[in-house]
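Okay, here we've got a single chain as structure tokens, the form predicted alone, with questions on binding and movement later.
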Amino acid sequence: MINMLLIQGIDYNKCSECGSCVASCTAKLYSETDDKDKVYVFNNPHGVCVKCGHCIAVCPDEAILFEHEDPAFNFKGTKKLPDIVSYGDLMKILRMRRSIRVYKDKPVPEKKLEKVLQAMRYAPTASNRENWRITVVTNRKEIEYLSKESTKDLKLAKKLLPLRYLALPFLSPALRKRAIDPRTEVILDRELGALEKGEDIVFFNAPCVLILYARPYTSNMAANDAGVVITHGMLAAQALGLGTCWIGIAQRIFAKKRIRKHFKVPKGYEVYGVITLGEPDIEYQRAPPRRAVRVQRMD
């Protein structure tokens, strides 16, 4: 079997001629014919199928022929998903998800790690590119190395802070705003003080770190896809009693070629997310409030 989905056509012994495949295919590769034996046909002469699998998912007769190492997923509740997880229950899960920064000194069980990765596997991606690669880091020395490298910019920022007003004309608007913000020095002192005490201010002693990378593609969609893939993994981790946190300071350090090389990120690939994974050593009792969504309507 193959790892990339290959649509091969229609099994006419099963097809009930409902036309669902025609309606669901955004690439318009299914069409109606005058042939009484083959009312609908699949035709992909230019290879423009995005392998989304909507035709497989929508066909009530399982008549779409395809090749892939992964079988189609069926269960009795496919037509009644709200009965499995109601909106109210889903909102409880979503609101109680927290970014975990306190972890137990325990490795992530392999079975749970595999389940998190499986959830990330089934996240939707633009044009169904499925372009993701994930490096799983459980080696303590490697995690400590990445943590140490990630904090070097903080130390540099602290040294340069007294010269910030001289540098203002050369900074971007975002950096200029941060440089003159009095909170910046307070935050740097707090983080660097914790670092001097031996605290892991980057990964919080998490036993596992996941690094996501992919080739960049149109309109920065890779970054958008990363958010969806990571969210799938975070919610799966929560369901398994694990905690996660998206680590922006570690993600930024992969802009350096030597860091990408050290962690074997292939040439032409960019890192779009770095997250921790581990068993929380803290238990949250409730979800904090959030401000209302700012909505603009154009009725």
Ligand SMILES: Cc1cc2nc3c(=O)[nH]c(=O)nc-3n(C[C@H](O)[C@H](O)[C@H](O)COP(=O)(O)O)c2cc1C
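All of these numbers come straight from a predicted model, not from anything done at the bench. The first residue of the sequence shown is number 1, and the count goes up from there.
Keep in mind that the form predicted together with the ligand is missing from the display, and what follows is about it.
Colleague: Check each of 241, 268, 248, 60 and return the one that places a heavy atom within 4.5 angstroms of the ligand in the predicted complex.
Modeller: By the 4.5 Å criterion, the partner-contacting residue is 248.
Colleague: Let me know the one among 155, 97, 133, 176 whose heavy atoms come within 4.5 Å of the ligand in the predicted complex, would you?
Modeller: Here the answer is residue option 97.
Colleague: Taking heavy atoms and a 4.5 Å cut-off, does residue 286 contact the ligand in the predicted complex?
Modeller: Contact check for residue 286: no, nothing within 4.5 Å of the ligand in the predicted complex.
Colleague: Within a 4.5 Å heavy atom cut-off, is residue 112 in contact with the ligand in the predicted complex?
Modeller: Although the ligand is absent here, residue 112 would stay clear of it in the predicted complex, with no heavy atoms inside 4.5 Å.
Colleague: Looking in the predicted complex, any heavy atom of residue 204 within 4.5 Å of the ligand?
Modeller: Yes, contact at 4.5 Å.
Colleague: Name the stretch, out of 98-106, 120-128, 82-90, 215-223, where some heavy atom lies within 4.5 Å of the ligand in the predicted complex.
Modeller: That would be 98-106.
Colleague: For the stretch 162-176, I need every residue with any heavy atom inside 4.5 Å of the ligand in the predicted complex, listed N to C.
Modeller: If the 4.5 Å heavy-atom criterion is applied to the ligand in the predicted complex, 162-176 yields nothing.
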